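Have a look below at one chain only, the form predicted alone, in structure tokens format.
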Amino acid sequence: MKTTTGSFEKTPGWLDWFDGPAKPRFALPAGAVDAHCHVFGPGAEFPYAPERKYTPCDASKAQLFALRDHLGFDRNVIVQATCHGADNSAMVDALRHSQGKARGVATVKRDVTDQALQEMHEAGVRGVRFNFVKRLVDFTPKDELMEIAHRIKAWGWHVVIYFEAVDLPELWDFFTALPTTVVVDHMGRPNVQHPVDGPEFSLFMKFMHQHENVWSKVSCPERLSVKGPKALNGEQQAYQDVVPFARSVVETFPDRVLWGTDWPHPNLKDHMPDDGLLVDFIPHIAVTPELQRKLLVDNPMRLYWPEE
């Protein structure tokens, strides 16, 4: 069931996630990790945050795990959704029911207790997310975020940052001062209508070149593409305008890249992707078995399951 339950009604115009994904043609390597996905509610069990900017359709842990198995992934990294604010209950519940096959990225506030951090660590949380996309969250003071970053470092966690490319110059100094590994969501959302070697994306590449603690997710072509999934010669050629950007990051920084579905694809306005086609996007950006294994297995395991 997708629709929200209880007193929550989804935001008008919200696109439901696609519940009939194709079986990917690309065979994922053994042990592959979907390193960016979410759970939403269900709202009757895990209420959405009063301060949320949107109300999604429900997307449960059981539905996420069914998708994982259908696509051929072995594990998930579940990222706290902004619609749940700093109440990580739904995400942590999913981790506890994953039989060790999921890790998490939380959202926390300054007043989070050490006990709460320890409990989340035991459940499988390994990072916190700082969101700088103004249309999704209210601004959190940078001194508060820096304090959180220093605290979570003691657990060996990392910081995930979500921002848009045009904002990188003003955020550069803050990002480079973070004391942990830093993981950028979706390549910093570049404008793929600009040249891959233009000033905007070149600045992002410089950011990664100069700071070896910075990783990037090369995910969400459906969110970045202008052309979208396009039929060509009878086959789906999905999101080809994103390929040069993601492939550049994968080939330049093969040991610091991650990939994820972003299921259930929050806040998409134009189309809802077929997750099977998203998996088939991977060999276009990681073109050798070695690059594919690093992207999908070695890198996420090193970051989220270092004990194995």
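Numbering starts at 1 and follows the sequence shown. As the structure is a prediction and not an experimental result, all values here were calculated from the model.
Although it is not shown, the form predicted in complex with a small molecule is what the next lines describe.
Test of understanding: in the model of the complex, would Arg103 fall inside 4.5 Å of the small molecule by heavy atoms?
Arg103: no contact with the small molecule in the model of the complex.
Can you tell me whether Asp262 touches the small molecule? I mean in the model of the complex, with a 4.5 angstroms heavy atom cut-off.
Judged by the heavy-atom cut-off of 4.5 Å, Asp262 is in contact with the small molecule in the model of the complex.
Please check if Pro266 has a heavy atom lying within 4.5 Å of any heavy atom of the small molecule in the model of the complex.
Yes, Pro266 sits close enough to the small molecule in the model of the complex that at least one of its heavy atoms falls within 4.5 Å.
Using the partner position in the model of the complex, report whether Asn131 sits within 4.5 Å of the small molecule, counting heavy atoms only.
Yes, contact at 4.5 Å.
Quick one: which of 110-118, 94-102, 76-84, 144-152 gets within 4.5 Å of the small molecule in the model of the complex, going by heavy atoms?
Residues of 76-84 come within 4.5 Å of the partner.
What is the one choice in Lys61, Arg68, His36, Arg256 with a heavy atom within 4.5 Å of the small molecule in the model of the complex?
When the small molecule is considered in the model of the complex, the option within 4.5 Å is His36.
Every residue in Arg135, His186 and Arg189 with a non-hydrogen atom within 4.5 Å of the small molecule in the model of the complex?
Every residue of the candidate spot has a heavy atom within 4.5 Å of the small molecule in the model of the complex.
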